[in-house]
Each structure stands twice: as structure tokens, then as C-alpha cells.
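One chain comes next, on its own, written as C-alpha cells: the form predicted on its own.
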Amino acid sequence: MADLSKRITGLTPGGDDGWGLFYRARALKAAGEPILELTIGEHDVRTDPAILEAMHASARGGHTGYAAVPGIAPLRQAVAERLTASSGVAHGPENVLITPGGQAGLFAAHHAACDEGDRAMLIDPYYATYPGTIRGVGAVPVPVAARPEDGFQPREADLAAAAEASGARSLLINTPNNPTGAVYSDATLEGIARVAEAHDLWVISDEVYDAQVWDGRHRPFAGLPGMFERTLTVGSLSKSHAMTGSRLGWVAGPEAAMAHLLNLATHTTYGVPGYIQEAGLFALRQGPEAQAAVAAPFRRRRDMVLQRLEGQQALRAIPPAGAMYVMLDVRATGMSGEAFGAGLLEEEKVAIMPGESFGAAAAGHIRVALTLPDEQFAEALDRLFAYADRQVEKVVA
């Protein structure tokens, strides 16, 4: 076989990028083991049947050919209205490109911001695909740690130092944050804006969890003064409307940038199926009540975790202000996140994601997805806390 490109073989130089535990859990489950999975951000309640009916009706109605590459006009308008309402900055259809999910949006946005060999900053902890996405466009990831003691809010001074040292072209942020659940404060966002302006950075703002905020508020980065012209906002219906498998997202930004992103889409994805876009339009037209109904179970289960943390010493957490996860600090057990997760799967048949999957700053933590029905989730918590207690007892002994 001829040699493959260095770019594709180097996407994840760490091997499985920390996903080995997930794959092991899935293999056990496929073999018939009763595994309780708290791994990926997949809703336990699937896409609303009414959305699927809209998708079916569109397909049956003939919307199965090539759709407009930038997205059908009514959907682009609906996304623009959503962004205008949340950010306070006027968006029109010309500011929106529909993409096959948020992941494709992230890839496209980094193509717009970075040339081959450019440095691209990202906040650590980060969603596991971020470094590979950056490498995939030929750029070099520059992680900047957000510390647990700061509630995983990145420090302006750290970002400024990294931008100065690396000569970075872009900064990827994610709030509400996966994996930590942090919602960036006004002070954090304003600090990021100062760094972006001082170092002439593109800010790529992943806001796919914008409908899942438990404490405080989500403030779209493009809405900060002077930031619209240097921001590419990535969104999706995956989390807000439980449409993960539909692969429907967007990138929004200045019109001049969007014209080039449309050109990229023409040469890569060539758009998103029209019947899926019609279903997405139907979903958005259901209003904020539909998004709140999708989000409600995750708020409830987040509170279940926080209640269980009271009065025990084995596990700690910074209460997540958003998203569908809780990060638990397991360092009192004397174990890494990887070791804790492996033991938990072996002894209790509960699968989580180790913090090390999300960067060095999350070492010694685990990420718990709030994605099982309440009764099963409570059972998984019982097993997780019992396992943690046993490990602490070993440390004390």
C-alpha cells in the first residue's frame, strides 16, 4: 500500500485519544454484559416523533435531491433569528452556513481561520475531537489550561501568554462547556475578547449547549462589543433538540468569511439533505419550550449528583452550570481518571469517560454523562459512589 498522508495518520498521535475505556464498555455491552453507560452525550429520549414526521413528510414530498449548498433559505433565516435574539447582534441568512452537524462546522471554521502550520489555541479541558480537528486542517493545537480551582474558567493572563508565545491565529472556546459543565462568566468572556483583540485572533465559539444552562446565563461571544467581525459561531440541533443522528448544525459569522465557507462546502460536503433541513426548521419553530423539555432531565440528574455529593469525602465536583455532564474529582481515591474508570467498569459495570480523555487539565477527574433514565441513573450513582468509597478506604488503610 502507498504511504498515507502525515496529516491523516497524525490526527490522534495519542492512539485512541483516551476513548479506549468507551470502546471496552461497548464491547462488553455487545457481549451481553449489563453495562450502565454514562459515557457520551446521547439523549436517553430520542428525537421528538413530530420532528421525525416532518422529516418523513419532506422526504415523501420530494425533498430528496440536492439541497442548496449553504442551506435552505427558511432554515438559514430561522437560525439567523435565533442568533440575533440570543446575541443582540443582527444576523441575516447571509451570515449562516448550514453544516452536517457541529463537528463539520468546527472543521470548516478552522479552515477559515488557519493556514498550514498556524497555531490554534484551545482551552484544556476540551472536547476530545478538538485537537484532531485542528490537526486535520494542518494547524497545530496549543492547549491552554483552565484550572479546577478556578471553576475551569480560563484566565486572561494565561491566554495572553499563550497567544504571545505561539503567535496563534485562532482560539477555540466552548461554553456551556463539555466536559466540565462550566458556563463562562462575563469577566471570563470579556478577558477572552481583550486577548482576541490584542493578538488579532479569530475566536471559534462552540455553542452547541446553549439551550442547557442551569446557573447564570449563556452569553454568545459574537454579542460582545467588537467581537462579531472576528467570531465564527458553531451551533447545532444535536443537543438542543435531541437530533444527534440527524447531523444538522451551522457556522455563523461575518458575511465575507461565510462566502469562503460556502466555497469550502461546495468542495467538501455539498450541503445537507433537504428533508433533514426541513425537519430542523420544524424543530426550531417549536420555540424555547421544546428546547426546555429536552434539557429538563439533565438539570434534574445534575441535581441528583450534587445531592449525593453532600456528606461524603471520596468525590468532589464543581457544580456544573450547564451542559449534560458532571466532572467529578477522584484524586482522593489516589487514582487517575483512567484507573478509576477501568476499575469502576470491571467491578461495578458502570462506564464513564476518564478526565484524561479531555486533556491534561482534567487528569484525576471523570466525566459522568447525565444520559440514563432516572432510575437507572440512580443505580449507576449508587455503584459509582460505593466504588469510590472502597478506594478511599484503601488509601486510609
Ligand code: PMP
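Keep in mind the model is a prediction, meaning the values are calculated, not measured. In this text, residue numbers run from 1 along the sequence as written.
As for the form predicted together with this ligand, it is not shown, yet the points below apply to it.
Engineer: Given that the partner is absent here, does residue 103 sit within 4.5 Å of this ligand in the predicted bound form, heavy atoms only?
Structural biologist: Heavy-atom contact with this ligand at 4.5 Å: present for residue 103.
Engineer: So in the predicted bound form, does any heavy atom of residue 247 sit within 4.5 Å of this ligand?
Structural biologist: Although this ligand is absent here, residue 247 would touch it in the predicted bound form, with heavy atoms inside 4.5 Å.
Engineer: In the predicted bound form, does residue 238 come within 4.5 Å of this ligand, counting heavy atoms only?
Structural biologist: Yes - in the predicted bound form, heavy atoms of residue 238 and this ligand come within 4.5 Å of each other.
Engineer: If you check in the predicted bound form, is residue 127 within 4.5 Å of this ligand, heavy atoms only?
Structural biologist: Taking the distances in the predicted bound form, the answer for residue 127 is yes, it comes within 4.5 Å of this ligand.
Engineer: Among the candidate residues 178, 170, 133, 188, which is the single one with a non-hydrogen atom no more than 4.5 Å from this ligand in the predicted bound form?
Structural biologist: In short, 178.
Engineer: Heavy atom within 4.5 Å of this ligand in the predicted bound form: which of 294, 208, 146, 83?
Structural biologist: Flagged contact: 208.
Engineer: Just to confirm the contact call: exactly one of 275 to 283, 94 to 102, 108 to 116, 67 to 75 touches this ligand in the predicted bound form at a 4.5 Å heavy atom cutoff, so which is it?
Structural biologist: Looking at the partner contacts, the answer comes out as 94 to 102.
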